[in-house]
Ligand SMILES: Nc1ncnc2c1ncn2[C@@H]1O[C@H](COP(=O)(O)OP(=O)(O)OP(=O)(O)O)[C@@H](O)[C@H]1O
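Coming up is one lone chain in structure tokens, specifically the form predicted alone.
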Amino acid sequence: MWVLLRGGYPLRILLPLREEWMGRRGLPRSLVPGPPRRRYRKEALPALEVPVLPVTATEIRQYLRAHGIPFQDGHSCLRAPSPFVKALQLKDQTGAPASFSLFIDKTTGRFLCMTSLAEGSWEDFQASVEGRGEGAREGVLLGEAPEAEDSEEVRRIWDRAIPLWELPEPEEAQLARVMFGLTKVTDDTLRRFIVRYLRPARSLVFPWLSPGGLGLRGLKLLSAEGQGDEVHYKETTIPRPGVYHNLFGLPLISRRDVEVVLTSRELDSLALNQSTGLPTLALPRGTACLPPALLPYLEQFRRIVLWLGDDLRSWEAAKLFARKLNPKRCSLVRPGDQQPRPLEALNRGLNLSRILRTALPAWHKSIVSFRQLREEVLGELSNVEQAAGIRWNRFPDLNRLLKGHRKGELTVFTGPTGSGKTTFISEYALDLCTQGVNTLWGSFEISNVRLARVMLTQFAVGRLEEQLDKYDEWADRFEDLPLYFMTFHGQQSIRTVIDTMQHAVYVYDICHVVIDNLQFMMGHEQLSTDRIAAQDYIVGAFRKFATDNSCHVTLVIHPRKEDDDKELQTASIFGSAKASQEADNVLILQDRKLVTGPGKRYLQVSKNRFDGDVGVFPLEFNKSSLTFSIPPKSKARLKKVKDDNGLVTKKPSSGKKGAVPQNSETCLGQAHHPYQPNPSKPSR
């Protein structure tokens, strides 16, 4: 039955149809046929010229009391009367007046009115209360009108899709159920969640409905591809993933529901709801992100169970989301052989209600016993590759040394001036970003425009200035990456940078922060006239941030001035030994071109706290694509070393003894680059 699926059949069908449906480059911003969700302005990270100080929950409460605004304290939001709707005398299930429809995020201060769908920043709310701004004088918010063309496109797709049970051929319906693992999911469940099937694209279609289920705001198309004995799924959302904020199943939630199960896939929500009868919701972007804009919709629940998947990445995401939702009301289903993801559990005949009863509380005291940790230890021992982290596609030798990219670690990266540190680290981070690692870039040395141009060239593996007709295509794909930039440039205070990083972790679920480089934060620190003490403080701040937020920080530090004929070592890092002591990994870009000729660059891993493997391997720079990826035909071999003093000085063999290929453009500049990122990489 898999014959029709082999070779990526659904993907070949889906892409032409999507081009036909979209008709142009821009994707819809709002697809609500009625009043759209209205915004004051697009959310952005704080700019240098107008620094935004973080607001605390205490300051929000004090402001509301000072202006005589009643409020209720919730799990992650404060609830207050909305100035954008008329006061009502009705009460909801919590006993609060129905006019208490305004939710204010305790961490960021952003608000959302559940009745009018108006939203904005804390400064916007203050302006409205104090009568400042055009929107406040009119009593309504300035919004964006829905684009009729966008609504028609979504409606056209939806109208072409039909329920599975209405397919004219029973064999086609059975094949679709096998494709998506729905053999035990009933028609009543699909009907209740309004799931349809798009025959030309062989895709399930999940609707994004406005609150109350009255309007169609967007769609998610899920296609399945059989690869051997495995099935890979590909998601396509309209609008784009960054603004697709659907909680699938929300229209079925009753105001009296106090418990909900969160899943990472719509298929899992179908299985859970059918098997247990409990309210279920699916997150819009799986384990990648929990947008704070969705938190008001989850305020009514006293208990939230997160059952996100069957791997360690899902487990880490569940713990991260629980911190955002208030850990005291959250429970987590631990991945395991007898606790797979919900759809698989249903197909295997497991008792899903019993699995939910084994969910562990997300909150615990500061001190724990091994009894509480033994299952996590077992999980890491039985999933060694997953515990090692995300592996690089472009740098296989880096995988052999570091094993992977792990959360909560601090990586220090150094290299001589002009050796290409920023260019290498941008490809290093881009590789991870294309695999779904939410990344925040802090480039204090070069502008974001220049950095984005370098990364886009690396992403396209070629010079786009020579093929501008393909710019929009690559830019669209690059825009969908979970990549964000700080707007700082030049010297900046470490406190401001840390506050911005904290905001990004909360709002965008950032997992990797790149700081290029540490020296640009030295001048603002007035802690001491001793630059060494100032640097130690900054390194300690980044170390604490990485640990507390389970976020990987890559910190670029310039080396001390060394003789050109000497290779850098860990001791060459500028400052005291604290940087190398605090770091989990130390990477050194060795540049021998001044001594041995052009193109002699090596990456040395001189510290690896995860398993101790250190070593060195060659890099070849391709000027046309600005990449350091090693071509597959290169015979350069990884050289493992014991420590800095044991650094291998012999050059790896590459055909001729002692030679390193000089021209990599012919290898990397071909159309089918072996490490070319796949922006639509399917998730299992």
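In case it trips you up, residue 1 is the first one in the sequence shown, and so on. Remember, predicted model here, so these are calculated numbers, not experimental data.
Missing here is the form predicted in complex with the ligand; even so, the following discussion is about that form.
query: Heavy atoms within 4.5 Å of the ligand in the predicted complex: which of the stretches 234 to 242, 198 to 206, 216 to 224, 422 to 430 has them?
result: Contact-bearing stretch, as computed: 422 to 430.
query: So which of Ser447, Gln338, Ser254, Thr417 gets a non-hydrogen atom within 4.5 Å of the ligand in the predicted complex?
result: It is Thr417 that has a heavy atom within 4.5 Å of the partner.
Position in contact with the ligand when the complex is considered in the predicted complex, options Arg79, His558, Lys607, Arg543, heavy atoms within 4.5 Å: Going through each option in turn, the one that passes is His558.
task: Answer yes if any heavy atom of Arg601 is within 4.5 Å of a heavy atom of the ligand in the predicted complex; otherwise answer no.
output: Result yes; Arg601 sits at the interface with the ligand in the predicted complex.
query: Even though the ligand is not shown here, does Leu626 get within 4.5 Å of it in the predicted complex, heavy atoms only?
result: Contact check for Leu626: yes, within 4.5 Å of the ligand in the predicted complex.
The ligand contact in the predicted complex: Phe621, any heavy atom under 4.5 Å: Looking in the predicted complex, residue contacts with the ligand include Phe621, since a heavy atom lies within 4.5 Å.
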